[in-house]
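This document opens with one chain alone, in structure tokens, the form predicted on its own.
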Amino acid sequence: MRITEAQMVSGWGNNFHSLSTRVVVTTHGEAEEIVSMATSNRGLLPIGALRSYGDSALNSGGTLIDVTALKFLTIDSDTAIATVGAGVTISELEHAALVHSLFPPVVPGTGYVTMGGAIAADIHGKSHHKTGSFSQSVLQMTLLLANGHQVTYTPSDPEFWATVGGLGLTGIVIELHIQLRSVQSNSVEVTEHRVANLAAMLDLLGRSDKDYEHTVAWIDLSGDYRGRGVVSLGNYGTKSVKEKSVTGGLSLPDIGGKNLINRSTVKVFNEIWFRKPLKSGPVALTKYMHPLDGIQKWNRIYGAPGFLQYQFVIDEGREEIFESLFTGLRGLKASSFLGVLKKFGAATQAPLSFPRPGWTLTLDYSVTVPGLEKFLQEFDEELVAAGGRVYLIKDSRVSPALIPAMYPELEKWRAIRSSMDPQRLWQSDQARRLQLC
């Protein structure tokens, strides 16, 4: 066990910083010891790789339990079941599984997410319309509860679903059993298409659901905001390719806190990205799944002020909300370096899980954009009126008054969480800000 002095910690967006004691645990016994000594005053919060964007993994004045050293990983090739510790990353699981011609059914846009984080966020990927979210491949999980006991839950238990998407507020994930899927190679057969506007993008994504396992679109959120972009469609391939790991590669240097993202630089990047040669053929699985992992610490491009990521989901048939969003952002002269549009499939029964049927759009913006906060507050109201919601693991600014409407089963989650943690030991800055507990 390693206990540090109080230190400043931030999420991936670097727009929140908090002073916390950090404890790195290397065994289950050490985790139990920390829990046994804790008090509910500012409490404890399990953390992984700090890849959540806002304040989900922060606990100002409290203690962070770093579980990244809980790295055990075994795979039964006969049953295709992986047994993993909370600190194992998506990338580590992928590479171990490929040795057995297996792969996790659901992976997010980065391979750096830990297993504990994957449960806390109920992560999703390009395949949600086919495979659902991460939790739907989890057969059982073992949690360390606030009373110091380890308990194993399965999808038949309400505590399982309270933990899924539960933002680390029900206990420490100790171990997961994950059902892997078979693959014939380490590649994805990819086809890309340029589209001129949002209508064409939505049409192509909608028509591709049945034929493609992986569908995603990059959308140009600069210039006139008409929704042009590139749609990427893929299925697991049959031909193995030479693979170069996208993790552990180039690292963006410290640029002295300068913000490199502005209207001009984003417009140039988006023009280049829109005109780049389109892919057609086999692409390494890990490269396709985690395109940004080739550059470590890419969040530094936003400088010292940091950035926010705004992701929401809206029902099919309510696409007019995109034009309202684009009109407002165009008026602000705001430009997003990264815009991603996907289509979701069925939801889980987890009260706080984000994905549900409809369209999901993800945007990145520097927090220095004038008027952005006010506009997003107004758009949040419009989003809720249209039946939409934001992704809590990426949120850093939504009003707590809107959370019950966005997540109508919030009270159900609160009741289960209270039974698992009656002393409210598990706490976070986000939970306090949004009045979740």
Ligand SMILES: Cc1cc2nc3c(=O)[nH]c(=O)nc-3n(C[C@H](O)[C@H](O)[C@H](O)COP(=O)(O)OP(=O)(O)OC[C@H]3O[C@@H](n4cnc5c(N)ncnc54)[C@H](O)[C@@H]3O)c2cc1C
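All residue numbers refer to positions in the sequence shown, first residue = 1. Please read these numbers as outputs of a predicted model, since none were measured by experiment.
Not on display, but discussed next: the form predicted in complex with the ligand.
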Checklist line | the ligand contact at Phe337 in the model of the complex, heavy atom, 4.5 Å | finding: no
Notebook entry, point to check: Hey, in the model of the complex, does Lys342 get a heavy atom within 4.5 angstroms of the ligand?
Noted result: yes
Margin query: When the contact criterion is heavy atoms within 4.5 Å, does Gly234 count as touching the ligand in the model of the complex?
Written below: no
Note to self: So in the model of the complex, is the ligand close enough to Ile314 to count as touching (4.5 Å, heavy atoms)?
What the structure shows: no
Checklist line | Sole residue of Ile123, Ala82, Ala217, Leu102 within 4.5 Å of the ligand in the model of the complex, by heavy atom | finding: Ile123
Note to self: If the cut-off is 4.5 angstroms on heavy atoms, which of these, Met406, Ile393, Leu376, Val35, is the one near the ligand in the model of the complex?
What the structure shows: Ile393
Check: Counting only heavy atoms and a 4.5 Å cut-off, does the ligand in the model of the complex sit next to every one of Ala49, Tyr53 and Pro108?
Finding: yes
Notebook entry, point to check: For the chain seen here without its partner, which of 185-193, 112-120, 266-274, 319-327 has a heavy atom within 4.5 Å of the ligand in the model of the complex?
Noted result: 112-120
Next item on the list: Would you mind checking 160-184 for residues with a heavy atom within 4.5 Å of the ligand in the model of the complex?
Entry: Leu167, Gly168, Gly171, Ile172, Val173
